[in-house]
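Single chain ahead, written as structure tokens, the form predicted alone.
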């Protein structure tokens, strides 16, 4: 964990184990409202309709409460679409707000806590939010029937207007108060797909206007209060380092600096605004204790990982005696892969604001795991869960970065608020801001990993055995989620996309070995799939080359029991013109992968510049994510996922020298450039299956599709990323 609880004030000195226990309290013991929750009847005389997911106001505004964080992926609009369709509201009258932190009502039904991640927002909310809209509509209709003295079955609702053949009509807002007095239907009737008005169409995003005009308090970075203080934290330059001593005398002389505090995560400089907080931090004199810190360089860490893959590890999958199968094979293909640490690189660095008066606390942040954030704040402040209020704000990206098991940004700001309160300062709100350098050098990366694969082929070119060893640091081990997500010491976040492959690969065995390092790691957009898809899909192409088979044909042969995966592969290949020659000077590669319940196939078309570097010219993608709630947003997520994955494989890596991070801003951790972005053609499979994830599944196939295109041109596969290491960028 990042600088976890380093030498805190004596009055607040929990151990690391205690900290994990307090985080774990957010995970267990919840009574989850799996069905449509009921709210108390509106107060007598109220003119507003208020249910947990839907509020209808007298001004005819329909507010949908999003239980999920929207960090740019369109979740808030998606949830609003579901309610608006079942309620038959008009697009013009709907708006969205973030729900309060309340796991009893707003839990992710797949997690058991309130939180967003794993591309689960639509999957766990599809029925729930439709039920909320349908229940609201039924109560509106019942209110109209009561008011007009007509049978409810004769009343219709369309585009936000409630009407009856008699000529009576009303808006939703006009009926809101009376509707709030009706009974909540236990099983509201949902529309059949043929009656959908918005679902399956392109419901315009609701967040575009405020983001475009720069509306105040949209993001935590913009959050302001008249008396707001701003803080920055000096954190150890090496992960696991602690403050040995410090001198803040010069920092306190900086105009605008209010005070300086030691908190478990480092030294916090509190100022009247951001600039003096940053400049004051530069004047701190700190001696760091690195006796427990990670002091190795990346090369040494990779060497350890590679050595780990050469030895047996924890059994993730064991079909049989794979060594015997390989020994009996006519040929054996072998490959070693290396993947670097990757930062998330969201546009908005981490930030969080709090106001604490010693008895109650209110926080403002782009909270991705509200229940965990809420619990950590309450525990550190020493107050009840009910005395903490979380205000979820929009987030300027995340890609997994804001979903921390230890809630360290909240922990930082809570410890600071407690220290300020103990020092007798007025209970003004304070916001901790991470600079870009803080964010990039702050850890919680996609784990570096090494992979070793051996594939056996018989005389008939059939796969007889597939031995796969992987080594990396576990994302889950040592966190509150370990008991829930790890079994027999195995972290499936590391091996997903490989151990559960639907390719028929003979005897398949997979081992994992867990590296120990103080560098904190975290899920990164599509998590384990980011590297396992690369390995699996490039190995399939290697088999195709070795056996003289077409890469698409071989995949179809090996996945005959996975029709949805085969279907997206066929669609992408057809739309890309796979069976026709590529344009002059271009080369194609293909990859297909299932992640987060969704299937995505991508065909990459590349060319080579005069200097030998590659240009990805075009990507043709096919996606099956079940019922497509918003096709336009699905295309946007696939396009964004491709761009995000492409940027990572081209240039991105986080490297350490003697434990110190080298890449601390976008000059050294280069983002994808406009000139790098290919033409993207996305095709969505029409489906009546339940909705599945779309925020992440577009990312895994792009790397191997490009690697396979390079191999098609040069006959060699890139096995160490990024592509800069191969001189291709």
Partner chain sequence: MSVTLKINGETRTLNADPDSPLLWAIRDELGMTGTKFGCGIASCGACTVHWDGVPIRSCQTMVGDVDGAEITTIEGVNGKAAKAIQAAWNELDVPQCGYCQSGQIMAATALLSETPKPSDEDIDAAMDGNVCRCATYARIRKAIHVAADKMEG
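Residue numbers count along the first chain shown, from 1. Predicted model only: the values in this text are computed from it and were never measured.
Below, we turn to the form predicted in complex with the partner chain, even though it does not appear here.
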item: In the model of the complex, the residue from 311, 387, 147, 436 that sits within 4.5 Å of the partner chain by heavy atoms; value: 436
item: In the model of the complex, the residue from 100, 349, 112, 173 that sits within 4.5 Å of the partner chain by heavy atoms; value: 349
item: Contact flag, residue 660 vs the partner chain in the model of the complex, heavy atom cut 4.5 Å; value: no
item: Residue 274, heavy atom within 4.5 angstroms of the partner chain in the model of the complex; value: yes
item: Contact label in the model of the complex: residue 551 to the partner chain, heavy atom within 4.5 Å; value: no
item: Residue 195, heavy atom within 4.5 angstroms of the partner chain in the model of the complex; value: no
item: The partner chain in the model of the complex: contacting segment from 182-190, 403-411, 139-147, 632-640, heavy atom within 4.5 Å; value: 632-640
item: Residues within stretch 389-416 having a non-hydrogen atom within 4.5 Å of the partner chain in the model of the complex; value: 395, 396, 397, 399
